[in-house]
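Encoded as structure tokens, the following chain is the form predicted on its own, with no partner shown.
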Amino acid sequence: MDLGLLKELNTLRAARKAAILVSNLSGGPDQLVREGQSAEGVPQDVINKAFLSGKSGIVEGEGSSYFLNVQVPPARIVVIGAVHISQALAAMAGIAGFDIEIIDPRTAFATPERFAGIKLTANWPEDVLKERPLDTFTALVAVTHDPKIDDYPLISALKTGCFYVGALGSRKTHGKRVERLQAAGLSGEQIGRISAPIGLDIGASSPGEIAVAILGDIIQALRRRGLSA
């Protein structure tokens, strides 16, 4: 194995960037491929499928077999708001394989008793996200209904390129949100990435059902995301 490529792969892993180390089992040189790039000898759809699934394995290319060592950062969910929906979503997220963190400066809501065993931070999102920045493998879910709490992380998520950005609220509420985000300098294309009303349209009404709709929406966004370097 090329030690230089291995070092680069480890650097990308530490930075939470996706990459595939492509090894030609017939003895050709290794290749390091980032999302959106191609590998010599391996069909592009095979590379794309590996990035979206996150699964390593042997594939066939142009007259050779290749081992794809797929390194995709574990997706995480950051929820702004320690509400009933967040409680249900936190319980489901772990089952689906997601790390999850709840952020809410309202200490009456953000209590360990309500979120036992869940990473919970009772602080303002702008302070938390400076220490633990969002990235492209983060889903941002804003559910407080309070612009003073929700807007900063929404703006940060859209600028960062989080693979999923969702916000709770009616269409009227979202219309006012759009006006604020436009005033903050975000483009229509960026704002259009927000899932609002949040979650898949399954007719959800209870907090648990809304959490199911949100988690389904997140999984769909992760597995169908656009691949870019």
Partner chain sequence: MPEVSGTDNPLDIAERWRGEGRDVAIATVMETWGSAPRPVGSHLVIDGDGNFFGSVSGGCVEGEVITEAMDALGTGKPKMLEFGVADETAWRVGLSCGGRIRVYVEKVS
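Numbering follows the first chain given and starts at 1. Fair warning: this is a prediction, and the values are worked out from it, not measured in the lab.
Keep in mind the form predicted in complex with its partner chain is missing from the figure; the text below concerns it.
- Its partner chain is not drawn, but in the predicted bound form it has no heavy atom within 4.5 Å of residue 15.
- Under a 4.5 angstroms non-hydrogen atom cutoff, its partner chain in the predicted bound form lacks residue 222 among its neighbouring residues.
- The closest non-hydrogen atom of residue 69 lies within 4.5 Å of its partner chain in the predicted bound form.
- For the chain shown alone, residue 9 is a contact residue for its partner chain in the predicted bound form, at least one non-hydrogen atom being within 4.5 angstroms.
- Remark: none of the three candidate residues (74, 91 and 116) comes within 4.5 Å of its partner chain in the predicted bound form, counting heavy atoms only.
- The listed set 173, 190, 31, 56 contains one residue whose heavy atoms approach its partner chain in the predicted bound form to within 4.5 Å, identified as 56.
- Screening 41 to 49, 57 to 65, 178 to 186, 163 to 171 for residues having heavy atoms within 4.5 Å of its partner chain in the predicted bound form returns a single hit, 57 to 65.
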